[in-house]
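First, one chain by itself: the form predicted on its own, in structure tokens.
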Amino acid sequence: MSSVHIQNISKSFGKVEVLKDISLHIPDGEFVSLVGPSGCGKSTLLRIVAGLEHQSSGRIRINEDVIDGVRPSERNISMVFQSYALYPHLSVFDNIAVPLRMGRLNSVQRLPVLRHLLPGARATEKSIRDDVEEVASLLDMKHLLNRRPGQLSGGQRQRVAVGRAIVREPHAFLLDEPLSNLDAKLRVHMRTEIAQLHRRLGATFIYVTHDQAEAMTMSDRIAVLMDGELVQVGSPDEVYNDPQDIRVAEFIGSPKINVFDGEIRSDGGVDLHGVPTGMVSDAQTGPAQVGLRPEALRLAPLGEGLLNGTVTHIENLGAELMVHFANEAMDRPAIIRLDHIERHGLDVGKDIEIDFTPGAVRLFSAAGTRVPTEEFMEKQLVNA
């Protein structure tokens, strides 16, 4: 397997710039997800790596080899598409064997009758059968090899598409939203299968998705794209707990982060709707945005909370509740995540008070960039 280097890639369609100076190094064996909303350029970037699109500027390297201008078939990269792209008239075995036959047999030997008669073709065909059966065993689908795609479920078709990619032993695997056609239950199951497959193969995976749950549960690192720009790259924990842009904070996490109007005072204190949060910042004074994850909020006794509001909606998810609340100062309702046992006495229309620890605050400038903060300590008053 190999590392992939994406260096200063830009791409324009006419006057529309869809990728803006993207640079990303993916080490050998890493699972990286390109995630972002529809239209952010993630699939275009994947197609450029595969050679299906040509960049306007920049270069792609596999290990130390520049592959710009190399035909897609010669890049030794396997791609799994959203639509699976299986041949409906071929069996599962023949669908998986297609890339091997194209690479190991000449045009005459690939003819269905002759490949079983010609001595050289027979030996090659046996090696192909061995390789296909090995991959089928890896994916637990040897019993499906004689079926056609029309006789398979969505998850089984996905396995066939992945098997066809694996059998080539490529430098890297590119997966373009491969689970989007599956139902919710099967998507969860296939997420686990793909993650386990990556661990078994130790291969380089580049995975495109707009589903942040897929990116969070499978990836070693997540690369977040917004409006053609690479906004942040980091582990799932880093991107979730330490977002460097408010767009990242709002995109990663379900339900998304609560954002409140804030202010950095002249003494450095950070206020939320005029209430001190317990955090200070050296950033420029003025309006700011205070982010708090739903699980960072907690109910407080009446008269002791930092925020107050009225319950507008309750989402009962069984083990937990998503309680929506609002007050006159909020532009939109906020959400607090509670354990089910905390529901006692809660109902729509009830007034509640909310508290949070200062360290849960994620502060952003009015423009949306992350602002560094630290927790206010009493000793700061002594040293002042």
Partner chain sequence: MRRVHLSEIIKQLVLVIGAIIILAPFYQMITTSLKAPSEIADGTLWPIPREWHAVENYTEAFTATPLARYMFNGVIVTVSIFLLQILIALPCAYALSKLRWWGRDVVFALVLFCLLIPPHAVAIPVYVLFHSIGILDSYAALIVPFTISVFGIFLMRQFFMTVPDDLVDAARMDGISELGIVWRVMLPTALPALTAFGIFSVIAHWNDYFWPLIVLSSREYYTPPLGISVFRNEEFGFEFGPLMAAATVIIAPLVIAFLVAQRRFIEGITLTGMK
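Positions refer to the first chain, counted from 1. Source: prediction; values computed, not measured.
In what follows, reference is made to the form predicted in complex with its partner chain, a form of this protein that is not presented.
Undergrad: Would Ala50 sit within 4.5 Å of its partner chain in the model of the complex, counting heavy atoms only?
TA: Yes.
Undergrad: If you check in the model of the complex, is Val290 within 4.5 Å of its partner chain, heavy atoms only?
TA: No, Val290 is distant from the partner.
Undergrad: Can Thr312 be called a contact residue for its partner chain in the model of the complex at 4.5 Å between heavy atoms?
TA: No, Thr312 sits far enough from its partner chain in the model of the complex that none of its heavy atoms falls within 4.5 Å.
Undergrad: I'd like to know if Gly120 sits close to its partner chain in the model of the complex, meaning any non-hydrogen atom pair within 4.5 angstroms.
TA: Flag for Gly120 set to no.
Undergrad: So if I measure heavy atom distances to its partner chain in the model of the complex, which of the stretches 235 to 243, 160 to 168, 291 to 299, 263 to 271 falls within 4.5 Å?
TA: Stretch with heavy atoms near the partner: 160 to 168.
Undergrad: Just to be sure I understand the contacts: of Thr285, Ser73, Gln156, Ser254, which is the one whose heavy atoms reach within 4.5 angstroms of its partner chain in the model of the complex?
TA: Contact residue from the list: Ser73.
Undergrad: Among Ala215, Met279, Leu230, Met79, which has at least one heavy atom within 4.5 Å of its partner chain in the model of the complex?
TA: Looking at Ala215, Met279, Leu230, Met79 one by one, just Met79 meets the 4.5 Å heavy-atom criterion.
Undergrad: For the stretch 278 to 292, which residues lie within 4.5 Å of its partner chain in the model of the complex by non-hydrogen atom distance?
TA: Going through 278 to 292 in order - heavy atoms within 4.5 Å of its partner chain in the model of the complex - there are no hits.
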